[in-house]
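In the block that follows, a single chain appears as structure tokens, in the form predicted on its own.
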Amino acid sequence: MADLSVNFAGIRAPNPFWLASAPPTDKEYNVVRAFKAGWGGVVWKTLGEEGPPIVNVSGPRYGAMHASDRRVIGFNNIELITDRPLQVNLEEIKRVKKEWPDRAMVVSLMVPCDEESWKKILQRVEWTECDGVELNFGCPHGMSERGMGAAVGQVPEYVEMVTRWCKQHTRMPVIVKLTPNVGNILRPAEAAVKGGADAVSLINTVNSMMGVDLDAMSPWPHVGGKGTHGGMCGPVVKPIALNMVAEIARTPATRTPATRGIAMSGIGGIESWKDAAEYMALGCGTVQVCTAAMVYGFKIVEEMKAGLSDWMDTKGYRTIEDFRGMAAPKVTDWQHLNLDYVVKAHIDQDLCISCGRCHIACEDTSHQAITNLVNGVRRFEVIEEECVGCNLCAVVCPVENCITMVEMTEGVDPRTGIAVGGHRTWMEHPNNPMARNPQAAGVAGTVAEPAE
């Protein structure tokens, strides 16, 4: 049976499934229930400095995007950091850590951007004997207007400065939580590395508005007739998060500072073991879950653990480290893709239900490469002379594996008349005017192809 235990930046846990800093980790009652359900760790909901409690709205705090079957695929919140007194939170954290010493207990923090404020909060959090702290540089609403959260995370110099303060004033591992609301995730990630961060976690929520109430003519959800932007999470942000994780994981060692190799905790749309495994394949050592727990409850972790363990057993992976990061070296920039690679769509006639969606999509919006009639009879076949292998047909097909993309390994592509088997990227392709000057061609792209 696979070993799911992890050692993340020096923080040990029985499994990589942690609850993210959010309402599910706001109090002792919730966290104890989570640990009883089997979660390997939690990031306690963000604490602020001593003083008047944070005031949250007494009204709708959440909005959602639903699939056609009412499954929640996008989740938006306008929740702020904890509105419970600091000392109450600290006492509960200390008590839970003492009762559950084998579980990871990380505390999320957000205080004003001055060294003394961070020094004070760190001293008080150390008293709890928690395992580490996560610096919340991601919250895009409410707190950012006060010069905290994303207001810090969007400025690399601030990220580096605050991270360095925290490393100077605490013995605990420091995890920097990154905001996705930036043009290039590498900038704040590099700043975290410069500041001495032990790890990064990403992504925090995406700044968004979920909809408009056309009766009230107000953003939805609304409080007293008015609405605001909030932070979006859930399955819809997973592609954004995976891309940002990959960017950090693949940055070459020749780039200074190199983010490749820093411990990463993946966040964003994780609902299943497969979601978690994808983050881990790109380099994450743990994953953090919020939306799935809020929608389905804490027991969802049972399926996550069992599914990951079974898959690892099937693949022969004994520990998470056996496959962590294996996919990262295969992430590249467009100009490094093989432009001579040829695939053609293939329709399994035994599985085809003759719905016609592949034909409609290809005929109306792509390459007119799928028939709808053969000898006057309704039948869908691929016209290889027109097929570019874009796989739109496979994407829209409602029957799994009915349409597959088959690689051509010999012969001539009937569409282009070019022999298959070559390997030219845009860097060598004759249509690229820069290819005539290899030195000039090498400047294209944001991240150079790794030399190793």
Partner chain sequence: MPDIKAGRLDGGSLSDNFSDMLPGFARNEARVAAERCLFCHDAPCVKACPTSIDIPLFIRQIAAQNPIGAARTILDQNIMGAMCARVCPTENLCEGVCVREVSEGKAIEIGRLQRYATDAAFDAGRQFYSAGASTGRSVAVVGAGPAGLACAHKLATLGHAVTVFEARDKAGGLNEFGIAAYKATHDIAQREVDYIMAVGNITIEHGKRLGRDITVAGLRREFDAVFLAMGLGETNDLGLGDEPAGVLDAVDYIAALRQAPDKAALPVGRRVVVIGGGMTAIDIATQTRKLGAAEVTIVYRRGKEQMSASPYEQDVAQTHGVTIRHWMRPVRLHAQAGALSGVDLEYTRLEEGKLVGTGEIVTMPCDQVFKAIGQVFVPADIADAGAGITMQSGRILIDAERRTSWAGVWAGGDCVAGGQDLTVTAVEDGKQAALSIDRTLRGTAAQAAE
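Residue numbers count along the first chain shown, from 1. Note that the structure is a prediction, hence the values are computed from the model and not measured.
One more form of this protein should be noted, the form predicted in complex with the partner chain, which is absent from this view; the next part is about it.
**Q** Among the candidate stretches 172 to 180, 119 to 127, 210 to 218, 370 to 378, which one is within 4.5 Å of the partner chain in the model of the complex when only heavy atoms are counted?
**A** Among the candidates, contact is made by 370 to 378.
**Q** Using the partner position in the model of the complex, report whether S354 sits within 4.5 Å of the partner chain, counting heavy atoms only.
**A** Answer yes; at least one heavy atom of S354 falls within 4.5 Å of the partner chain in the model of the complex.
**Q** Indicate whether the partner chain has at least one heavy atom within 4.5 Å of a heavy atom of S68 in the model of the complex.
**A** Output for S68 is yes: heavy atoms within 4.5 Å of the partner chain.
**Q** In the model of the complex, does H222 have a heavy atom within 4.5 Å of the partner chain?
**A** No, H222 is distant from the partner.
**Q** Any chance G51 has a heavy atom within 4.5 Å of the partner chain in the model of the complex?
**A** Judged by the heavy-atom cut-off of 4.5 Å, G51 is well away from the partner chain in the model of the complex.
**Q** Of these, K194, K305, K94, H359, which has a heavy atom no more than 4.5 Å from the partner chain in the model of the complex?
**A** Of K194, K305, K94, H359, the residue with a heavy atom within 4.5 Å of the partner chain in the model of the complex is H359.
**Q** Going by heavy atom distances of 4.5 angstroms or less, which of P398, G59, G417, G411 would be at the interface with the partner chain in the model of the complex?
**A** Spelling it out, the residue with a heavy atom inside the cut-off is P398.
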